[in-house]
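Only one chain is shown below, in structure tokens, and it's the form predicted on its own.
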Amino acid sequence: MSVIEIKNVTKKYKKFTLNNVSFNIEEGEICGFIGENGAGKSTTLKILAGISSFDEGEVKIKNQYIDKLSKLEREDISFILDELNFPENLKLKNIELILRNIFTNWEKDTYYSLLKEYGLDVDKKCKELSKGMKVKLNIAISLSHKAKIFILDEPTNGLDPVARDEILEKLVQIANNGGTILISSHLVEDLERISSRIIFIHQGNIIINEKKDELINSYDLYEIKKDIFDTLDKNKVIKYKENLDGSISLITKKDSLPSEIEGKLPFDLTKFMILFVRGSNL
């Protein structure tokens, strides 16, 4: 079942247009949302979270138009950043007193149980939390009001490897329990690790929207010498980029080059994205 549906969504700014964006995300999927700075990731996520308007198109959550969602239906959606919207001197135990009066399905015991599980001290003040702690607190809050749809904008940026690993493991647990996750990050290797679907946006346009396994099985990456590159059938090269050492990196369709061509690389989503954004067409 499609939990998130975005169809032909356009939002125009003076110097940027989110152009006719469409994709669906199924229940239980972790969808990695990739693209360079300014590609349209944050704009799309804010539209899906219901905190930004759009000019054209349709957005549905669980088959309901986003502007028609009830308060209870909106509580199913959690928009998570690495920041908090609470006063700096507020303690974590006092946050619970506020949120119990906001969320219909608030569960106090779940909140305190998750704080303990995540290693968060109830007597800490918001200003004393690291970035990783803030993300974990936001996840704990979301689960305590029974959110099922998680929209995360760069949640692991700036975190040390241990904190990143903890956050990623928690997201996988959420998906395994039926949660649906759309997550953007410049740390593309994180998304390659946990995502079941990859959506790639470039200059406001969706250029890739595929299951991760299908993506891996659809393209090959190579790094070859220039003299070998010059002999290739260029109709089979999708993108190429000259490297500083004189070698050529390129993308082709799966198994489209002769098997004797050396230089084939393991699939790497970071390299794939760089080639699509910075590579040239023939």
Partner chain sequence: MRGLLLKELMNLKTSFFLILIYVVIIVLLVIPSGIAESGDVGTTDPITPMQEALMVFGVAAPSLFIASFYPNTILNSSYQIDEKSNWTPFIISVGVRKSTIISSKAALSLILDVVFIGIFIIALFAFGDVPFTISSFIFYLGISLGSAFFSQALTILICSLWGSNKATVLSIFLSFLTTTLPLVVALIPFFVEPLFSLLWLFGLIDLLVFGIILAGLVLFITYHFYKKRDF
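Residue numbers count along the first chain shown, from 1. A quick note: this is a predicted structure, and the numbers were derived from the prediction, not measured.
Form predicted in complex with its partner chain: not shown, discussed below.
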Worksheet item: Any of the heavy atoms of E75 lying within 4.5 Å of its partner chain in the model of the complex?
Response: yes
Fill in: Heavy atom of N63 within 4.5 Å of its partner chain in the model of the complex
no
Worksheet item: Does its partner chain get within 4.5 angstroms of any non-hydrogen atom of N105 in the model of the complex?
Response: no
Item to complete: Mark I208 yes when one of its heavy atoms lies within 4.5 Å of a heavy atom of its partner chain in the model of the complex, and no otherwise.
Response: no
Worksheet entry | Option touching its partner chain, based on a heavy atom within 4.5 Å in the model of the complex, out of S53, N243, T231, S218 | S53
Fill in: Contact assignment for its partner chain in the model of the complex, among D123, D109, E88, E169, heavy atom within 4.5 Å
E88
Worksheet item: Out of 191 to 199, 114 to 122, 80 to 88, 178 to 186, where are the residues with a heavy atom within 4.5 Å of its partner chain in the model of the complex?
Response: 80 to 88
Worksheet item: Is any part of 1 to 31 within 4.5 angstroms of its partner chain in the model of the complex by a non-hydrogen atom, and which residues would that be?
Response: K11
